[in-house]
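Shown here is one chain on its own, the form predicted on its own, set out as structure tokens.
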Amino acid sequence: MLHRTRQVVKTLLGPQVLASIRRWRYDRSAPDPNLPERACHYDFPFVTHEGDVYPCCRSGGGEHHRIGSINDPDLMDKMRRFSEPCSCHGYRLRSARDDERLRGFNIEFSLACQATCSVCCVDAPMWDQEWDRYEELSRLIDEVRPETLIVQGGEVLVQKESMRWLRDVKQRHPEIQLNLVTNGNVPIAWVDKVEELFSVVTVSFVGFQPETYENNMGLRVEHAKAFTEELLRRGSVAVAPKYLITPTAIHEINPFLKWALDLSPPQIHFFDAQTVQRIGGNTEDPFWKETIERTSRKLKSTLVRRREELQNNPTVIYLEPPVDELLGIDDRFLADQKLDQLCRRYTELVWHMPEWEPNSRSAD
């Protein structure tokens, strides 16, 4: 009944009045005025598996942030006109200027996946539907000719039709850069076709010790590690190992970091899976406080101990808020330890890695 009443009120008020109310509420929420403004929906707008388009993957789900659908013949006009209040830890959204060109798309294909992640934000383990939006995506790509496509699922590498479509895009538009987000839990032999298509590969880990990883993802961490190591050994694709922090795996951050640093990738990412919200902390003992503080001490120790090594290789570590705050890797610590150029707050999609240059492939 309440939902129906809200819908009636929204209909009566109309979109312009609702937009004014959202703007007023946004201004009252006091977004950080120091945040730089950006036309986020012209950077990497997010295309959901249902074909809806949002300014970014963080804004997906809010109806007032829905720009349109890839089926809309006037989608690009809607993109140009779009101006809704929105901010995050990196930017405040502004309208697009007339001279701005859309940079790329972040595309969510089918949710089909070989993993059964317990923290899956799209509920892929329950996915049992057919998916076929390739024709609409092709029309959009042919019209826009973006610089870059970021693709994810589900798991793209096990989706035969998605891989077929990407090969077709690469053939028709060889100038478009394809960047992949994957769990990397595939046979080593698949590295060849990954190199053929993709320029940047982000490999996500939800846990690092074998039992934790299997409990969290339903897969074997050895496969993901071997896939990541082989890509980095060959050196023709930029690779970013990414650790998704959960309550059951927060204590495994340090062994993951040590392993990743040994590989000297261009970037290492640390993301949060709503850890603070999940742990709550309403206990009689200091279990979570102590666990997090011990993890923080070990992580800081590793960063300090390997500071010289970090200064002499191209690896940059990105920490997504609130990971930096949760683990005490704040600006003061980084400045005091001379790590502020090596460890950075994640404020945007850092898939381009402009400082990275491919190596010649190994002869073997």
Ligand SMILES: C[S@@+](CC[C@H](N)C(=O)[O-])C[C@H]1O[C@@H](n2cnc3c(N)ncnc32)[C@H](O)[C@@H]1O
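These figures come from a predicted structure and were not determined experimentally. Residue indices: 1-based, along the sequence shown.
One more form of this protein should be noted, the form predicted in complex with the ligand, which is absent from this view; the next part is about it.
Worksheet entry | Of Ser162, Thr228, Thr148, Ser204, the one that lies within 4.5 Å of the ligand in the predicted complex (heavy atoms) | Exactly one listed residue reaches within 4.5 Å, namely Ser204.
Worksheet item: Of the residues Ile268, Val221, Ala273, Leu75, which one places a heavy atom within 4.5 Å of the ligand in the predicted complex?
Response: Among Ile268, Val221, Ala273, Leu75, a heavy atom within 4.5 Å of the ligand in the predicted complex occurs only for Ala273.
Practice prompt. Please name which of the stretches 285 to 293, 254 to 262, 119 to 127, 166 to 174 has residues with heavy atoms lying within 4.5 Å of the ligand in the predicted complex.
Written response: Stretch 119 to 127 is the one.
Discussion item. Contact with the ligand in the predicted complex for Pro241, defined as at least one heavy atom pair within 4.5 Å: yes or no?
Written reply: Result no; Pro241 lies far from the ligand in the predicted complex.
Discussion item. My question is simply whether Gly154 lines the interface with the ligand in the predicted complex - judged by any non-hydrogen atom within 4.5 Å.
Written reply: Judged by the heavy-atom cut-off of 4.5 Å, Gly154 is in contact with the ligand in the predicted complex.
Discussion item. My question is simply whether Val194 lines the interface with the ligand in the predicted complex - judged by any non-hydrogen atom within 4.5 Å.
Written reply: Outside the cut-off, so no.
Worksheet item: According to a 4.5 angstroms non-hydrogen atom cut-off, is Ile141 in contact with the ligand in the predicted complex?
Response: Although the ligand is absent here, Ile141 would stay clear of it in the predicted complex, with no heavy atoms inside 4.5 Å.
Worksheet item: Since the partner is left out here, which residues of 289 to 318 would have a heavy atom within 4.5 Å of the ligand in the predicted complex?
Response: Heavy-atom contacts to the ligand in the predicted complex: nothing from 289 to 318.
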